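Quick setup: one chain, the form predicted on its own, written in structure tokens, and binding and motion questions come after.
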Amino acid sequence: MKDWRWALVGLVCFALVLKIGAVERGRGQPTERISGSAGDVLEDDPVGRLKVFVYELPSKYNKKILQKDPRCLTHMFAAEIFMHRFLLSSPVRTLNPEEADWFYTPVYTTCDLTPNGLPLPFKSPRMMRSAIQLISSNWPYWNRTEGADHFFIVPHDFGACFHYLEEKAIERGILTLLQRATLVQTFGQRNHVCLKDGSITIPPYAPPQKMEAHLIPPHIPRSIFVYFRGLFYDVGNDPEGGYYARGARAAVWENFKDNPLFDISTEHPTTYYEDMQRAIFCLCPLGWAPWSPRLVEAVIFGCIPVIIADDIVLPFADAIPWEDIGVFVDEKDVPNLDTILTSIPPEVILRKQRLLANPSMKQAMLFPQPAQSGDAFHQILNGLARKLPHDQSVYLKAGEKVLNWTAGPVGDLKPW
């Protein structure tokens, strides 16, 4: 009976794929303009709307760290490096700090990698404290607001909480000295101690040239219904199971490993990018953190992202209507994923694909070299520009102090 059920479901799916593929036939369909809660702003030009002063720090905070390990240029946390390079030659940069709207401190806090290429965050708090002590001692601008007109790129798993395990990140909280600054970070989850009000959530870095090299001809239809490649269990770090991805990935595997609608595996084939372009839905479940590069890859390849991460805050959420583009599935509803996805009307799927086909949507997810109009660099600047002018309340009175420089774990207070 079970085999007959799967066969019937497979036929329904096949008919749906054919119907969508016949209309979509290769992604040549019209696009739709994208408008988020901030309006139709993806194509805004930030030039002339803000000026940014870039602190010149000793190279030990950035360039020398990168020289020691060039792998930092290709991992998913590389936005901190490329944003620094972009700002150095950006027309929004000002060399006169007196006319600056924002101040940027280039610190590469994720460029301390394990042999496996994963960032170790343990030195990051001391490194960040050291940089802030330096700018507050050598320039007067930090002390005027204690960082309220400064922004920092913190692309760690849990942002400025500087730990890769959520319970440890929550225990640490956001580094005290960054409490008033604007944080530009990949981590985003509502009602979480590691995301403070006013933060700008950005996409993780995914190599644009590498993805472009794997584009397939536009006439090839989407013949895969649901696609996913990645871990379902992390035995090394979560031997008992249930903690990694809050059990959501395990639920995907246990419920759908034999389902013909689901092309899922731990194998990472050389055709990974091509396969995503042949799929209608791409699963984007949480892992240790709620975000991953799969979201970027899905958008670039026009595969509708199925976002399984409760309370996630997605990149540039005030500019991109993610509810219209993706499918959100609560973690508790993963066992019903097949029913949820097969119940979506073809016309709804087609509209999501038209939105995904908008070039401005794809551009906003990328950090290309060199920068291009409307890319993620420009979206960050647009987000900062929308915060201007600063409220007068952020400027402190003479001698006024708000931040506690001695707060936090004892280990963070050691010199870097």
Partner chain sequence: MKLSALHQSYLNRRLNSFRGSSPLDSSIDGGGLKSPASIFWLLIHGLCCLISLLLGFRFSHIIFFLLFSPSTTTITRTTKLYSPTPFLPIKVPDALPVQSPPNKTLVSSSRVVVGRHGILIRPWPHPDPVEVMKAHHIIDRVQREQRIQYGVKSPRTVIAVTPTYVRTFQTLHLTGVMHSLMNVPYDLVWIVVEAGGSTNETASLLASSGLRVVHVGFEEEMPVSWEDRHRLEARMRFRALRVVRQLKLDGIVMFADDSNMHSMELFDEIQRVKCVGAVSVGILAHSSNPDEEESSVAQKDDIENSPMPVQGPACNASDQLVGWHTFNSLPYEGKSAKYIGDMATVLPRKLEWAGFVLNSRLLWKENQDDKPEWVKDLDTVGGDREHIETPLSLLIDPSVVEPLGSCGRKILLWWLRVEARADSQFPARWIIDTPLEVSVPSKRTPWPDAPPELPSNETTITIEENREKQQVMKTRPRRSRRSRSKRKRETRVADTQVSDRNSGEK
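All of these numbers come straight from a predicted model, not from anything done at the bench. Numbering follows the first chain given and starts at 1.
Beyond the structure shown, there is the form predicted together with the partner chain, which is absent from this document and is the topic of what follows.
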| item | value |
| --- | --- |
| 4.5 angstroms heavy atom contact with the partner chain in the predicted complex for Asn237 | yes |
| Contact label in the predicted complex: Val47 to the partner chain, heavy atom within 4.5 Å | no |
| The partner chain contact at Tyr141 in the predicted complex, heavy atom, 4.5 Å | no |
| is_contact(Asn191, the partner chain) in the predicted complex, heavy atom dist at most 4.5 Å | yes |
| Residue (of Gly241, Pro321, Pro293, Gly198) lying close to the partner chain in the predicted complex, criterion heavy atoms within 4.5 Å | Gly241 |
| The unique member of Ala317, Leu73, Leu120, Leu134 whose heavy atoms fall within 4.5 Å of the partner chain in the predicted complex | Leu120 |
| Candidate stretches 109-117, 86-94, 141-149, 203-211, one within 4.5 Å of the partner chain in the predicted complex by heavy atom | 109-117 |
| Every residue of Tyr61, Ile65 and Ala181 near the partner chain in the predicted complex, heavy atom within 4.5 Å | no |
| Contacts with the partner chain in the predicted complex, stretch 289-323 (heavy atom within 4.5 Å) | Asp310, Asp311 |
